[in-house]
Ligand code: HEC
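Let's start with one chain on its own, the form predicted on its own, as C-alpha coordinates.
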Amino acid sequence: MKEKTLFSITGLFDSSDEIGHAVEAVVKAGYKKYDVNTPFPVHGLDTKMKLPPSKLGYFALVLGLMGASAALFFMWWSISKDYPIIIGGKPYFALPAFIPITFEVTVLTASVGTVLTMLFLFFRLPNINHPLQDTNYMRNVSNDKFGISIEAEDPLFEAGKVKDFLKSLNAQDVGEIYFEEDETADSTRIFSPKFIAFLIVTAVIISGVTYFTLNKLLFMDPFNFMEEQQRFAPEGQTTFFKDTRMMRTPPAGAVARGAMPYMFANEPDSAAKELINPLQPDEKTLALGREKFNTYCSPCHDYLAKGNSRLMGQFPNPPSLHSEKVRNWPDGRIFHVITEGQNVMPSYAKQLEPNERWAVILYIRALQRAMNAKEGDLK
(Lines give C-alpha, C1' and ligand atoms only; values in the text may rest on other atoms or scores of the structure.)
Protein backbone atom coordinates (compact mmCIF):
# COMPACT_ATOMS: atom_id res chain seq x y z
CA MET A 1 0.00 0.00 0.00
CA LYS A 2 1.35 3.38 -1.01
CA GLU A 3 2.20 5.65 1.91
CA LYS A 4 0.02 8.76 2.18
CA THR A 5 1.60 12.20 1.83
CA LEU A 6 0.87 14.71 4.59
CA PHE A 7 -0.69 17.98 3.42
CA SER A 8 -1.25 19.95 6.65
CA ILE A 9 -2.08 19.97 10.35
CA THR A 10 -5.44 21.56 11.21
CA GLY A 11 -7.12 22.89 14.32
CA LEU A 12 -10.59 24.25 15.10
CA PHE A 13 -11.74 27.21 17.21
CA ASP A 14 -15.14 28.27 18.49
CA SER A 15 -15.27 32.02 17.82
CA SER A 16 -13.94 34.75 15.56
CA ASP A 17 -12.02 36.28 18.49
CA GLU A 18 -10.21 32.99 19.12
CA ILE A 19 -9.26 32.58 15.46
CA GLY A 20 -8.01 36.17 15.41
CA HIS A 21 -5.69 35.59 18.38
CA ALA A 22 -4.59 32.25 16.89
CA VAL A 23 -3.67 33.89 13.59
CA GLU A 24 -1.57 36.51 15.38
CA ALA A 25 0.27 33.70 17.20
CA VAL A 26 0.86 31.77 13.95
CA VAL A 27 2.31 34.86 12.27
CA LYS A 28 4.47 35.64 15.30
CA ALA A 29 5.80 32.04 15.27
CA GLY A 30 7.04 32.61 11.70
CA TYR A 31 4.79 30.26 9.72
CA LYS A 32 4.24 31.33 6.09
CA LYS A 33 2.39 28.47 4.39
CA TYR A 34 -0.93 28.36 6.18
CA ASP A 35 -4.57 29.19 5.57
CA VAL A 36 -7.60 30.16 7.64
CA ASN A 37 -11.14 28.93 7.01
CA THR A 38 -14.23 30.58 8.49
CA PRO A 39 -18.00 30.13 8.01
CA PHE A 40 -18.39 33.85 7.31
CA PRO A 41 -16.05 36.79 6.55
CA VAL A 42 -14.16 38.01 9.62
CA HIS A 43 -13.32 41.69 9.48
CA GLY A 44 -9.60 42.45 9.74
CA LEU A 45 -8.49 38.83 9.46
CA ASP A 46 -6.57 39.42 6.22
CA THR A 47 -4.59 42.20 7.94
CA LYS A 48 -3.70 39.94 10.85
CA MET A 49 -2.61 37.25 8.39
CA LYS A 50 -0.39 39.86 6.67
CA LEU A 51 -1.50 38.65 3.28
CA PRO A 52 0.39 40.25 0.39
CA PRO A 53 -1.59 42.03 -2.35
CA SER A 54 -3.02 39.72 -4.98
CA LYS A 55 -0.94 39.34 -8.12
CA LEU A 56 -4.13 39.09 -10.18
CA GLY A 57 -4.05 42.85 -10.74
CA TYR A 58 -0.75 42.61 -12.60
CA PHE A 59 -2.26 40.05 -14.94
CA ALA A 60 -5.24 42.38 -15.53
CA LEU A 61 -2.85 45.26 -16.34
CA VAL A 62 -0.79 43.24 -18.80
CA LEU A 63 -3.85 41.72 -20.47
CA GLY A 64 -5.48 45.15 -20.78
CA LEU A 65 -2.38 46.67 -22.36
CA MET A 66 -2.17 43.72 -24.75
CA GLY A 67 -5.81 44.23 -25.75
CA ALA A 68 -5.31 47.97 -26.29
CA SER A 69 -2.18 47.42 -28.35
CA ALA A 70 -3.83 44.71 -30.45
CA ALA A 71 -6.91 46.87 -31.11
CA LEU A 72 -4.85 49.91 -32.16
CA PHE A 73 -2.55 47.85 -34.34
CA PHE A 74 -5.43 46.03 -36.08
CA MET A 75 -7.33 49.29 -36.80
CA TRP A 76 -4.16 51.00 -38.04
CA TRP A 77 -3.27 48.04 -40.25
CA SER A 78 -6.75 47.57 -41.71
CA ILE A 79 -7.36 51.27 -42.41
CA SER A 80 -3.90 52.35 -43.48
CA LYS A 81 -3.27 49.31 -45.67
CA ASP A 82 -6.59 48.02 -46.96
CA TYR A 83 -9.18 50.81 -46.49
CA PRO A 84 -7.48 54.21 -46.82
CA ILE A 85 -10.28 56.76 -46.60
CA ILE A 86 -9.62 60.51 -46.59
CA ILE A 87 -12.54 62.60 -45.30
CA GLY A 88 -12.23 66.34 -44.83
CA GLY A 89 -8.45 66.22 -44.94
CA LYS A 90 -8.23 63.90 -41.92
CA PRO A 91 -5.24 61.55 -41.68
CA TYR A 92 -5.60 57.86 -42.44
CA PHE A 93 -5.34 57.05 -38.76
CA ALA A 94 -7.19 59.68 -36.69
CA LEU A 95 -6.51 58.47 -33.16
CA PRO A 96 -9.47 60.14 -31.33
CA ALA A 97 -11.94 58.28 -33.54
CA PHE A 98 -10.53 54.92 -32.46
CA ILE A 99 -10.32 55.55 -28.72
CA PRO A 100 -13.87 54.19 -27.94
CA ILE A 101 -13.16 50.86 -29.69
CA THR A 102 -9.73 50.66 -28.06
CA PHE A 103 -11.29 51.26 -24.66
CA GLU A 104 -13.93 48.56 -25.16
CA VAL A 105 -11.39 45.99 -26.36
CA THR A 106 -9.12 46.86 -23.42
CA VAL A 107 -11.90 46.32 -20.88
CA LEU A 108 -13.09 43.13 -22.60
CA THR A 109 -9.61 41.62 -22.82
CA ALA A 110 -8.69 42.54 -19.25
CA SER A 111 -11.95 41.27 -17.72
CA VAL A 112 -12.24 38.00 -19.64
CA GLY A 113 -8.50 37.30 -19.46
CA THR A 114 -8.44 37.98 -15.70
CA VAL A 115 -11.28 35.52 -15.10
CA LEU A 116 -9.56 32.84 -17.19
CA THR A 117 -6.27 33.49 -15.41
CA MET A 118 -7.95 33.16 -12.05
CA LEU A 119 -9.65 29.89 -13.02
CA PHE A 120 -6.83 28.11 -14.82
CA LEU A 121 -3.68 29.57 -13.23
CA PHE A 122 -4.70 30.44 -9.67
CA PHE A 123 -7.41 27.77 -9.18
CA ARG A 124 -5.60 25.27 -11.47
CA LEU A 125 -8.59 24.05 -13.40
CA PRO A 126 -9.34 21.39 -14.61
CA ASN A 127 -7.94 20.10 -11.31
CA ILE A 128 -10.89 20.53 -8.94
CA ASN A 129 -9.40 18.42 -6.16
CA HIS A 130 -8.04 19.72 -2.86
CA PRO A 131 -6.93 17.73 0.18
CA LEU A 132 -9.27 19.67 2.49
CA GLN A 133 -12.36 18.68 0.50
CA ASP A 134 -14.69 16.09 2.05
CA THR A 135 -12.95 16.25 5.43
CA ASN A 136 -14.45 16.74 8.87
CA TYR A 137 -12.35 19.89 9.15
CA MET A 138 -14.03 21.43 6.09
CA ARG A 139 -17.48 20.34 7.27
CA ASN A 140 -16.92 22.10 10.60
CA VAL A 141 -15.53 25.37 9.19
CA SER A 142 -18.39 25.46 6.70
CA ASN A 143 -20.87 25.33 9.57
CA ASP A 144 -19.98 27.02 12.87
CA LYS A 145 -16.25 26.52 13.51
CA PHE A 146 -13.13 28.52 12.65
CA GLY A 147 -10.03 26.68 11.51
CA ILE A 148 -6.31 27.02 10.78
CA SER A 149 -4.43 24.73 8.40
CA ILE A 150 -0.60 24.85 8.56
CA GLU A 151 0.80 23.17 5.45
CA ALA A 152 3.65 20.68 5.38
CA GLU A 153 5.45 22.79 2.76
CA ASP A 154 6.18 25.47 5.35
CA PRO A 155 9.95 25.72 6.06
CA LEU A 156 9.32 25.57 9.83
CA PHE A 157 6.93 22.61 9.60
CA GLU A 158 7.46 19.70 11.97
CA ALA A 159 4.33 17.64 12.56
CA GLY A 160 4.86 17.13 16.30
CA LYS A 161 5.75 20.77 16.99
CA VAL A 162 2.83 22.08 14.91
CA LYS A 163 0.37 19.86 16.81
CA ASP A 164 1.73 21.00 20.17
CA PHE A 165 1.68 24.61 18.97
CA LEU A 166 -2.02 24.45 17.93
CA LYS A 167 -2.95 22.71 21.18
CA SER A 168 -1.21 25.48 23.10
CA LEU A 169 -3.60 27.88 21.36
CA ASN A 170 -6.55 25.85 22.72
CA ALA A 171 -7.36 24.44 19.27
CA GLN A 172 -9.85 21.59 19.10
CA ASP A 173 -9.74 18.44 16.96
CA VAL A 174 -6.11 18.94 15.98
CA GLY A 175 -5.56 16.47 13.16
CA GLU A 176 -3.69 15.57 10.01
CA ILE A 177 -4.84 16.08 6.41
CA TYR A 178 -3.35 13.85 3.69
CA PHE A 179 -3.33 13.98 -0.09
CA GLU A 180 -5.57 11.42 -1.76
CA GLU A 181 -3.84 8.28 -2.93
CA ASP A 182 -4.81 8.72 -6.62
CA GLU A 183 -4.72 12.47 -6.94
CA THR A 184 -3.98 12.34 -10.70
CA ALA A 185 -7.14 10.42 -11.50
CA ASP A 186 -9.20 12.63 -9.23
CA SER A 187 -7.76 15.82 -10.74
CA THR A 188 -9.38 15.01 -14.08
CA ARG A 189 -12.80 14.56 -12.54
CA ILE A 190 -14.01 17.55 -14.56
CA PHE A 191 -13.60 15.47 -17.74
CA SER A 192 -15.57 12.51 -16.42
CA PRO A 193 -18.46 11.30 -18.63
CA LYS A 194 -21.02 12.14 -15.94
CA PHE A 195 -19.85 15.74 -15.66
CA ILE A 196 -19.72 16.20 -19.44
CA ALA A 197 -23.22 14.72 -19.73
CA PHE A 198 -24.38 17.14 -17.04
CA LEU A 199 -22.97 20.08 -19.00
CA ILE A 200 -24.68 18.93 -22.20
CA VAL A 201 -28.05 18.45 -20.51
CA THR A 202 -27.76 21.86 -18.80
CA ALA A 203 -26.88 23.58 -22.10
CA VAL A 204 -29.81 21.93 -23.89
CA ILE A 205 -32.29 22.90 -21.14
CA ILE A 206 -31.08 26.51 -20.97
CA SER A 207 -31.10 26.85 -24.76
CA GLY A 208 -34.60 25.38 -24.98
CA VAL A 209 -36.01 27.61 -22.26
CA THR A 210 -34.37 30.68 -23.82
CA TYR A 211 -35.69 29.85 -27.29
CA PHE A 212 -39.21 29.23 -26.00
CA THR A 213 -39.21 32.43 -23.94
CA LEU A 214 -37.94 34.74 -26.68
CA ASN A 215 -39.74 33.19 -29.66
CA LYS A 216 -42.98 31.80 -28.23
CA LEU A 217 -43.84 32.98 -24.74
CA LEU A 218 -43.42 36.70 -25.43
CA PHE A 219 -45.93 36.43 -28.31
CA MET A 220 -48.65 34.90 -26.12
CA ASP A 221 -51.25 36.66 -24.00
CA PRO A 222 -50.67 38.52 -21.76
CA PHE A 223 -46.95 38.88 -22.51
CA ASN A 224 -47.55 40.47 -25.92
CA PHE A 225 -49.13 43.62 -24.49
CA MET A 226 -46.30 45.83 -25.81
CA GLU A 227 -46.70 44.49 -29.34
CA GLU A 228 -50.51 44.44 -29.42
CA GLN A 229 -51.17 47.72 -27.57
CA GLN A 230 -53.92 50.03 -28.81
CA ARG A 231 -52.14 52.80 -30.64
CA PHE A 232 -53.11 55.23 -33.42
CA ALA A 233 -51.05 57.68 -35.45
CA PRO A 234 -51.88 61.34 -34.68
CA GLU A 235 -52.99 61.90 -38.30
CA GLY A 236 -55.05 58.69 -38.37
CA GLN A 237 -58.78 58.11 -38.00
CA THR A 238 -60.81 56.27 -35.40
CA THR A 239 -64.45 55.48 -34.79
CA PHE A 240 -64.01 56.14 -31.06
CA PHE A 241 -64.66 59.88 -31.53
CA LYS A 242 -67.58 61.33 -33.46
CA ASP A 243 -65.37 63.48 -35.71
CA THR A 244 -63.19 60.39 -36.45
CA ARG A 245 -60.01 62.40 -35.80
CA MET A 246 -57.27 60.96 -33.63
CA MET A 247 -55.54 64.27 -32.91
CA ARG A 248 -57.58 66.02 -30.22
CA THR A 249 -57.71 69.65 -29.24
CA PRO A 250 -56.15 70.13 -25.79
CA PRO A 251 -58.66 70.93 -23.02
CA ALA A 252 -59.09 74.57 -22.14
CA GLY A 253 -56.45 75.68 -19.70
CA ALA A 254 -54.12 72.77 -20.42
CA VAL A 255 -50.45 73.62 -19.87
CA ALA A 256 -47.63 71.80 -21.64
CA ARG A 257 -45.10 70.12 -19.38
CA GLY A 258 -42.22 72.45 -18.61
CA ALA A 259 -44.10 75.53 -19.91
CA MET A 260 -45.11 78.39 -17.64
CA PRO A 261 -48.18 80.27 -18.94
CA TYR A 262 -48.10 84.05 -19.06
CA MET A 263 -49.91 85.22 -15.94
CA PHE A 264 -51.04 88.65 -17.19
CA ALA A 265 -52.84 87.82 -20.43
CA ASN A 266 -54.99 90.83 -21.49
CA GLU A 267 -53.92 92.68 -18.34
CA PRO A 268 -51.29 95.29 -19.38
CA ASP A 269 -51.78 97.44 -16.26
CA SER A 270 -51.27 94.48 -13.93
CA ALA A 271 -48.16 93.50 -15.87
CA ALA A 272 -46.80 97.03 -15.51
CA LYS A 273 -47.27 96.90 -11.72
CA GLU A 274 -46.20 93.34 -10.99
CA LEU A 275 -43.42 92.53 -13.45
CA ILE A 276 -39.87 93.66 -12.62
CA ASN A 277 -36.87 93.19 -14.87
CA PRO A 278 -34.69 90.49 -13.23
CA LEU A 279 -31.61 91.28 -15.35
CA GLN A 280 -28.83 93.79 -14.74
CA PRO A 281 -27.65 96.10 -17.55
CA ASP A 282 -24.17 94.64 -17.85
CA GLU A 283 -22.16 94.29 -21.05
CA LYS A 284 -23.20 90.69 -21.73
CA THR A 285 -26.92 91.37 -21.23
CA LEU A 286 -26.88 94.52 -23.39
CA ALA A 287 -25.07 92.60 -26.14
CA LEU A 288 -27.81 89.94 -26.07
CA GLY A 289 -30.51 92.62 -26.10
CA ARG A 290 -28.89 94.39 -29.03
CA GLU A 291 -28.62 91.13 -31.01
CA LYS A 292 -32.28 90.23 -30.49
CA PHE A 293 -33.50 93.81 -31.05
CA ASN A 294 -31.65 94.11 -34.35
CA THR A 295 -33.00 90.72 -35.45
CA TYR A 296 -36.67 90.96 -34.50
CA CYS A 297 -37.43 94.61 -33.71
CA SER A 298 -35.33 96.74 -36.08
CA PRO A 299 -37.23 95.77 -39.28
CA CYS A 300 -40.13 97.89 -38.05
CA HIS A 301 -38.62 100.12 -35.34
CA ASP A 302 -35.24 100.64 -37.13
CA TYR A 303 -31.89 100.24 -35.40
CA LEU A 304 -32.36 103.36 -33.26
CA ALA A 305 -36.00 102.59 -32.27
CA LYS A 306 -37.28 105.80 -33.89
CA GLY A 307 -40.01 104.00 -35.84
CA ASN A 308 -38.45 104.46 -39.29
CA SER A 309 -39.38 101.10 -40.74
CA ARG A 310 -36.87 99.31 -42.95
CA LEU A 311 -39.66 97.40 -44.76
CA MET A 312 -40.19 100.00 -47.52
CA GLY A 313 -43.81 100.75 -46.61
CA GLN A 314 -44.99 97.12 -46.49
CA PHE A 315 -46.36 97.70 -42.98
CA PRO A 316 -47.45 100.84 -41.14
CA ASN A 317 -44.58 102.50 -39.33
CA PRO A 318 -44.79 101.94 -35.56
CA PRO A 319 -44.58 104.83 -33.08
CA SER A 320 -41.17 105.91 -31.83
CA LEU A 321 -39.94 104.22 -28.68
CA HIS A 322 -38.40 107.56 -27.63
CA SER A 323 -41.72 109.21 -26.95
CA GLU A 324 -42.35 110.45 -23.42
CA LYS A 325 -45.18 107.91 -23.09
CA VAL A 326 -42.97 104.89 -23.83
CA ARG A 327 -40.03 106.27 -21.80
CA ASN A 328 -42.31 106.48 -18.78
CA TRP A 329 -43.67 102.97 -19.25
CA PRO A 330 -42.47 100.48 -16.63
CA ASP A 331 -40.39 97.57 -17.92
CA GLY A 332 -43.31 95.24 -17.21
CA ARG A 333 -45.53 97.20 -19.63
CA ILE A 334 -43.02 96.83 -22.47
CA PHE A 335 -42.59 93.15 -21.60
CA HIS A 336 -46.37 92.75 -21.92
CA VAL A 337 -46.37 94.30 -25.39
CA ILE A 338 -43.54 92.06 -26.59
CA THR A 339 -45.29 89.01 -25.12
CA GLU A 340 -48.85 89.65 -26.34
CA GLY A 341 -48.41 92.19 -29.09
CA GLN A 342 -50.29 95.47 -29.55
CA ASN A 343 -52.31 96.85 -32.45
CA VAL A 344 -50.63 95.58 -35.67
CA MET A 345 -47.58 94.32 -33.78
CA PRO A 346 -47.82 90.53 -33.26
CA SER A 347 -46.63 88.62 -30.21
CA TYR A 348 -42.95 87.71 -30.12
CA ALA A 349 -43.30 85.18 -27.31
CA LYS A 350 -42.41 82.32 -29.65
CA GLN A 351 -39.37 84.09 -31.06
CA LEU A 352 -37.93 85.41 -27.80
CA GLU A 353 -37.45 83.61 -24.50
CA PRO A 354 -38.43 85.58 -21.36
CA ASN A 355 -34.82 86.44 -20.49
CA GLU A 356 -34.26 87.59 -24.09
CA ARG A 357 -37.30 89.90 -23.84
CA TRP A 358 -35.92 91.44 -20.65
CA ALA A 359 -32.54 91.89 -22.35
CA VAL A 360 -34.24 93.65 -25.30
CA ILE A 361 -35.97 95.99 -22.82
CA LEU A 362 -32.64 96.91 -21.22
CA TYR A 363 -31.23 97.65 -24.69
CA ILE A 364 -34.28 99.83 -25.47
CA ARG A 365 -33.65 101.72 -22.23
CA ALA A 366 -30.04 102.25 -23.32
CA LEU A 367 -31.22 103.63 -26.69
CA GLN A 368 -33.74 105.89 -24.96
CA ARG A 369 -31.09 107.31 -22.67
CA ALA A 370 -28.65 107.76 -25.55
CA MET A 371 -31.21 109.54 -27.76
CA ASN A 372 -32.62 111.62 -24.90
CA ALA A 373 -29.48 112.38 -22.94
CA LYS A 374 -29.56 114.90 -20.13
CA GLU A 375 -26.84 117.30 -19.18
CA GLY A 376 -25.75 114.98 -16.36
CA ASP A 377 -25.26 112.10 -18.81
CA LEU A 378 -22.70 114.12 -20.77
CA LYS A 379 -20.36 114.71 -17.84
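Computed from a predicted model, the values in this text were never measured in an experiment. Sequential numbering from 1, following the sequence displayed.
Below, we turn to the form predicted in complex with heme C, even though it does not appear here.
*in the predicted complex, do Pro316, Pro319 and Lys325 all put a heavy atom within 4.5 Å of heme C?*
Heavy-atom distance to heme C in the predicted complex: all three under 4.5 Å.
*asked:* I'd like to check something about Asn343: if you look in the predicted complex, is any of its heavy atoms closer than or equal to 4.5 Å to a heavy atom of heme C?
replied: Yes, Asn343 lies within 4.5 Å of heme C in the predicted complex.
*asked:* Does any part of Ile364 reach within 4.5 Å of heme C in the predicted complex? Heavy atoms only, please.
replied: Yes, contact at 4.5 Å.
*Taking heavy atoms and a 4.5 Å cut-off, does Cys297 contact heme C in the predicted complex?*
Within the cut-off, so yes.
_Any non-hydrogen atom of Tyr348 within 4.5 angstroms of heme C in the predicted complex_ = Yes - in the predicted complex, heavy atoms of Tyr348 and heme C come within 4.5 Å of each other.
*Pick from 41 to 49, 66 to 74, 25 to 33, 332 to 340: which stretch has a heavy atom within 4.5 Å of heme C in the predicted complex?*
Careful reading of the contacts points to 332 to 340.
*Of the options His301, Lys145, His130, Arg290, which one has a non-hydrogen atom that comes within 4.5 Å of heme C in the predicted complex?*
The residue from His301, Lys145, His130, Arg290 that makes the contact is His301.
*Scan 100 to 122 and write down, in order along the chain, each residue with a heavy atom lying within 4.5 Å of heme C in the predicted complex.*
Sequence-ordered list is empty.
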